[in-house]
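Heads up, the chain below is alone and in the form predicted on its own; it's given as structure tokens.
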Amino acid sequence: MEHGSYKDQSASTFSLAEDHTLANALRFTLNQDPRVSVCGYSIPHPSEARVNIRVQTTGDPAKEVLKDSCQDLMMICQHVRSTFDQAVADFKNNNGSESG
């Protein structure tokens, strides 16, 4: 859910049913984007699985910048996964040849 102004779309707060894990990763990717001037997140209550992410941009719509950051985060996760899978395969190949 987005909370923001219809007049100024460069600043919005997004409420997501998530926790620190995704919020901190999104905050990191958002802060890497040069279009973002301010970004942060808060957890309204520790017993609720909800996070509020605040995004202020240099002029671009905050919703689009958040969407781009989510896509960047997915690409980072895919890269980490493929690198890990390759390292496991390399380890198995090297370990298998030593014990034989």
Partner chain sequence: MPKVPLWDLPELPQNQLPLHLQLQKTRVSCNNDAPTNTENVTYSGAYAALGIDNSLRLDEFRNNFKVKVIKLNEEDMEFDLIGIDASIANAFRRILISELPTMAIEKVLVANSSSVVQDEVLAHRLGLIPIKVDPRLFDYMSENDVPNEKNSIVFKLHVKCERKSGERLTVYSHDLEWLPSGSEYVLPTENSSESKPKTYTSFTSSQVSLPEFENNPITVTPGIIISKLAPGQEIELEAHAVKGVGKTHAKWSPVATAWYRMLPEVVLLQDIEDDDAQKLVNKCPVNVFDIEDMGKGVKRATVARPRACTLCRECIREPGWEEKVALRRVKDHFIFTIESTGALPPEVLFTEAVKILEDKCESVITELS
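Quantities reported herein were computed from a predicted structural model and do not represent experimental measurements. Numbering follows the first chain given and starts at 1.
Same protein, other form: the form predicted in complex with its partner chain, not shown, and the subject of what follows.
- Under a 4.5 angstroms non-hydrogen atom cutoff, its partner chain in the model of the complex lacks S42 among its neighbouring residues.
- For I76, a non-hydrogen atom is located within 4.5 Å of its partner chain in the model of the complex, even though that partner is not displayed.
- Although the partner is absent here, Q71 lies within 4.5 Å of its partner chain in the model of the complex, judged by heavy atoms.
- Mapping the unseen interface onto this chain, N52 falls outside it, with no heavy atom inside 4.5 Å of its partner chain in the model of the complex.
- Contacts between 54-70 and its partner chain, taken as any heavy atom within 4.5 Å in the model of the complex, involve K63, L66, K67, C70.
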